[in-house]
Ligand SMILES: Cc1cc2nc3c(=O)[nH]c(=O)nc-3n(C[C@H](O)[C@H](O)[C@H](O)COP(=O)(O)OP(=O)(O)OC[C@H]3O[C@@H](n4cnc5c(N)ncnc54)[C@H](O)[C@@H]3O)c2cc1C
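Next up is one chain by itself, shown in structure tokens, the form predicted on its own.
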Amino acid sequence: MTEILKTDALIFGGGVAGLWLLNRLRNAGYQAWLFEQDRLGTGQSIASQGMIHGGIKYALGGKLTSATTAIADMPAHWKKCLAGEGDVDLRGCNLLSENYYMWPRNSIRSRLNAFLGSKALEAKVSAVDKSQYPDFFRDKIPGPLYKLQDIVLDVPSLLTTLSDAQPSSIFKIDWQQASLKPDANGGIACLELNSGQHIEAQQYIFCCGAGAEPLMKQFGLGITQMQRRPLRMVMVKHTFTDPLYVHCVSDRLSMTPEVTITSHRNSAGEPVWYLGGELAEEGANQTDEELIDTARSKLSAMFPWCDFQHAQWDTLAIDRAEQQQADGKRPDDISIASQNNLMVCWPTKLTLAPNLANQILRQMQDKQILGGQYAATLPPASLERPLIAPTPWEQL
């Protein structure tokens, strides 16, 4: 006999976006369950540098774009949540750095880029007095150096905090043992489990990045087209004791820093730099060897006081999934495509996960999908809870 379970929302995808949305909906009184086919954070979330930034990297050269405007207030939002005062409680999440820096190096052009960017977001950027330089830079660079309002989070800790807040609402799904059944209106009728349970929801939400594409194709849910923008990050395991969180501004009039560096530690406590920015974007078209040679050359020129002779290097390919844009470039803001009772969502970046959840909540309310319309239903007991994905630098 078929057992029918009913809930307000089913979320597919256990990255930061999906987990944040789960917390946001349940905090607002909705019944919501989340399903993840792999480990929580697998893919774009665990590959993130953990930066919660306010858009200065998109304002280099002094031009305020719509991307800058969309993201400008996000660090303040996240800081409230870290203090337990926001719409999602992040107390217990590990904060890697309360400060992020922008360094224009020594060329006139890179200094101009950084200066114009700092003026474009003047209230959120401040010049650092040399006596206050972080240890890594003190007495080693002539300046200038700017401090941003941005912060850096430990992504595994963030995933753990978000998932631990909803322990009975997160499940591992095996698509060999489950299927989505389309309805006659281009939406979803139910999630059918081979155990004999059918789960019906008022709203189905794909927050699974590139994983949404096969689901849409498999079940005939062709809401929207997806684009992929590849990156190839670089990891450097080293012996430097001072952590580093900095955008190194390019000599070119570019909207992206030449290299963006965050500091992490593997499970053995060994320090690792994780490199993004233009280096990672251009690295998508290079071999591993070419990219590592480029990264080694750049870092040696930037930081001549550092010895990379015994450093260990590796790369990580990332396939960023986003709603398709006419020009193929990065979307400026979050994206939500809707059809009947289905939404396909992309936050575009870690920082905007709260904005995505808030907009989904508003759209559900606009459709008169309100929390508490169903009597409390026990979730499927046969499914396991997924683990947290390992960090990329564990492979070094």
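If you're wondering where the values come from, they're calculated on a predicted model, not measured in any experiment. Position 1 is the first residue in the sequence shown; the rest follow in order.
Omitted from view is the form predicted in complex with the ligand, to which the following refers.
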Requested in this report: Could you spot which one of N27, S338, Q363, Q37 gets a heavy atom to within 4.5 Å of the ligand in the model of the complex?
Outcome: Q37
Report summary line: the ligand in the model of the complex has a heavy atom of only one listed residue within 4.5 Å, and of L162, M102, C207, I170 that residue is C207
Report summary line: Exactly one listed stretch (238 to 246, 282 to 290, 300 to 308, 317 to 325) reaches within 4.5 angstroms of the ligand in the model of the complex by non-hydrogen atoms, and it is 317 to 325
Query raised in the report: Thinking of A127, P257 and V272 as one candidate spot, does the ligand come within 4.5 Å of a heavy atom in every one of them in the model of the complex?
Result: no
**Report entry** Touches the ligand in the model of the complex: V344 (any heavy atom, 4.5 Å)
**Finding:** no
Query raised in the report: Just to confirm, M233 within 4.5 Å of the ligand in the model of the complex by heavy atoms?
Result: yes
Query - 4.5 Å heavy atom contact, A47 to the ligand in the model of the complex - result: yes
Query raised in the report: Given that the partner is absent here, does Y133 sit within 4.5 Å of the ligand in the model of the complex, heavy atoms only?
Result: no
Query raised in the report: Within 327 to 354, which residues come within 4.5 Å of the ligand in the model of the complex, counting heavy atoms only?
Result: P347, T348, K349, L350, T351
